[in-house]
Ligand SMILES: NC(=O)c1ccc[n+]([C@@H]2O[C@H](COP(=O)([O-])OP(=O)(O)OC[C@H]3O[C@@H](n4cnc5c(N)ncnc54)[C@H](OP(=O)(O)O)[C@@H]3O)[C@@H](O)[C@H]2O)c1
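Quick setup: one chain, the form predicted alone, written in structure tokens, and binding and motion questions come after.
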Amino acid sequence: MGQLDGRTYLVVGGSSGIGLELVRRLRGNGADVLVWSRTAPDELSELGVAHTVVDTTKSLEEQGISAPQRLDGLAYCPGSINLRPFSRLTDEDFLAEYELNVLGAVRTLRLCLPALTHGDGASVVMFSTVAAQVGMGFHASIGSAKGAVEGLGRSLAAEFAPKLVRVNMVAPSATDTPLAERILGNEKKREASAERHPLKRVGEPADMAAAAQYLLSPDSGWMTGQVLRVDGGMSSLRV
């Protein structure tokens, strides 16, 4: 992986889980990193990261948020796991998933697009889920929202290509993060989830962050409009 000295990245949702691991990796490769999130762990200041409290489910302008002058890349990492039978999902559940996963990305990109379109090339990474590709019970609200993320990403990749802004997505399967505590919260649940994956383990934040770092870096400069399925083989293999 090439060094990222002199490059500036914005990681939205970079205060925990995959987002925080991505921040660590970008800083470790010399990049300047800005984080927008609702909370700020002490580690961000220790890493020398500039943090702004931002809620992407609301108007960014009304929160007084302004975009950096220049960005070499942007990762939109917020996500949700609301696994329920379809009969128990309300309109509000679907709207909340869409608000966070899709409209939050839209608001962020609308504000930051001028900072990305400086003519030297930039990269955007968004996060989908294996459940957008593989039908899974109890995933109706998150699967539909992340499916919309993939559609948004492909459309923007086409629209932004003449501006030399690449847009790609990472689609994880079950990953050991605070967000997944409900489904991986004890050893029995972890073992059951691992058994469902061809590689017989659950994902780690480093697995997803490594893919996102690659997509943000110049090493992936010939890739746009793609979905990297970092899912232990879940979406394509039957073992």
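Residue indices: 1-based, along the sequence shown. For clarity, every value in this text was computed on a predicted model and none was experimentally measured.
This next part talks about the form predicted together with this ligand, which is not shown.
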Query raised in the report: Taking heavy atoms and a 4.5 Å cut-off, does Ala174 contact this ligand in the model of the complex?
Result: yes
Query raised in the report: How about Ser16: is it within 4.5 Å of this ligand in the model of the complex, going by heavy atoms?
Result: yes
Query - Any non-hydrogen atom of Ser80 within 4.5 angstroms of this ligand in the model of the complex - result: yes
**Report entry** Gly64: touches this ligand in the model of the complex, heavy atom cutoff 4.5 angstroms
**Finding:** no
Requested in this report: Check each of Leu100, Ala157, Ala115, Val134 and return the one that places a heavy atom within 4.5 angstroms of this ligand in the model of the complex.
Outcome: Leu100
Report summary line: Within 4.5 Å of this ligand in the model of the complex by heavy atoms, the stretch out of 80 to 88, 67 to 75, 161 to 169, 116 to 124 is 80 to 88
Query raised in the report: With the partner absent here, would Ser141, Glu150 and Met234 each sit within 4.5 Å of this ligand in the model of the complex, counting heavy atoms only?
Result: no
Query raised in the report: So which bits of 116 to 147 sit within 4.5 Å of this ligand in the model of the complex, heavy atoms only?
Result: Phe127, Ser128, Thr129, Lys146
